[in-house]
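Here's a solo chain for you in structure tokens, the form predicted alone.
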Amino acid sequence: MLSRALEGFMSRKGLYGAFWIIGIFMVTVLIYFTANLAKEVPPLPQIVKSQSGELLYTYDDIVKGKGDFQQFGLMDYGSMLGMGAYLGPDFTTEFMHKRAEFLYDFFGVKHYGKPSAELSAAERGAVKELTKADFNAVVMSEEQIVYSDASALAYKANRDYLIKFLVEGDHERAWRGGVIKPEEASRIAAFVDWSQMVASSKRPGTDRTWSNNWPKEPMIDQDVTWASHNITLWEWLLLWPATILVIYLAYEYLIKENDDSKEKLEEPLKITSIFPSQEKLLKYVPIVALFSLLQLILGGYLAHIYADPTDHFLISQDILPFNVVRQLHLNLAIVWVAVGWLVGGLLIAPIVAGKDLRFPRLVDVLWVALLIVGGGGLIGIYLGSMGYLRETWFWFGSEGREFLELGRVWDIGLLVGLVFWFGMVYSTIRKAKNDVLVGTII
């Protein structure tokens, strides 16, 4: 009986059923953990103040600073909480490390009359414990966060450093400056400081930070816990044999053909003529080729700047800053791949249906729409990141989220184009199917 059940499971129908059951289970698990993860989002405080009562920044400063961070494409220059371009600094890590350095010097001078570099090993150990206690004293909440007066001074030093860096630039690190205003840089500093609190403050009731002890910071004895390593290790150990098993089952029971039951192969596709709508698709080809070529050139530009941040390549970095080029590079790929995919569908649909699209002129309409969305989106990214769309950057410029830089208007336009394309393809194939059914009944 067991062998019969196993044989039924290994059949094509059984494997398909198992696929859907496992798929539904995995999606359910994903939704469950995603919903729980949303409950663990670090709180945004209404105010951040010093122990002596001085207001450092507010909720609005953090939120607006996040918007400024996105507007100017800083994630496509440096990174935030480990996510980004990694040409520039990880702003979270940098603020956290500079805060620790400041506290070492502060406590060294306060207790021993000398900065950290001049401390003995024993004195430095005592200063480390004072610094760790200062970090651990910060409790994140939605009402307020209270810094020690020492950490408040560290924040001010970090803020001044970041304002100078963002406004004036640093050619050695391929940041040109001259775009972000001091008040915008100040808000960005508030957002970055909040992110370093996420990375360094303990979650209530745990011994780990909100970012699970990332990044590693030896100055406060912070490192990823064994639990994280253990979970990652088992994930990899289970992933490989499970992948091999799936590939084996798919080949053995779904792909592999027995010698006594080989199915007759379909005749190769032969195209002897094309429909009017397919002929109209030829105008899409140069667009795909042009966008692909531009992406290739900009990729070379990025590689050159990564290798030598102080130099120019073809065009001055003052005209094409790294963060702008990286956004254009990523989104050019999205545009030309999407256009090529749409062309493929519009080419195949009439072949499958055996008749042309119901409204061939819509191919021209879609072509114009894609030009507007693709070209407008890329121009918007440049103008937005260069500070020319300060009031409308989110809608027409760059949203500033890595891989999702296109302004919201262009995102909506691309979605409308995809729905429009789907309707064209579906209506053609559907009409052909209905015609076949009617012909069969007659």
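Nothing here was measured: the structure is a model prediction, and the numbers come from that model. All residue numbers are counted from 1 along the displayed sequence.
Only in words, not in the display: the form predicted together with protoporphyrin IX containing FE, which the text now covers.
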In contact with protoporphyrin IX containing FE in the model of the complex (heavy atoms, 4.5 Å), from 50-58, 66-74, 36-44, 395-403, is stretch 395-403
* **Contact at Ala349, Lys355 and Trp421 by protoporphyrin IX containing FE in the model of the complex, all three, heavy atom at most 4.5 Å** => no
Margin query: Considering non-hydrogen atoms and a 4.5 Å limit, does protoporphyrin IX containing FE approach Leu362 in the model of the complex?
Written below: no
ask   = According to a 4.5 angstroms non-hydrogen atom cut-off, is Leu370 in contact with protoporphyrin IX containing FE in the model of the complex?
value = no
- Query: Is Arg326 one of the residues lying within 4.5 Å of protoporphyrin IX containing FE in the model of the complex, judged by heavy atom distances?
  - Reply: yes
Exercise: Tyr248 in contact with protoporphyrin IX containing FE in the model of the complex, heavy atom 4.5 Å | no
The one option of Ala152, Leu87, Val224, Met80 with any heavy atom within 4.5 Å of protoporphyrin IX containing FE in the model of the complex is Leu87
Of Trp240, Tyr306, Trp234, Tyr253, the only residue with a heavy atom within 4.5 Å of protoporphyrin IX containing FE in the model of the complex is Tyr306
When protoporphyrin IX containing FE is considered in the model of the complex, the residues of 313-352 having a heavy atom within 4.5 Å of it are Phe322, Arg326, His329, Leu330, Ala333, Trp336
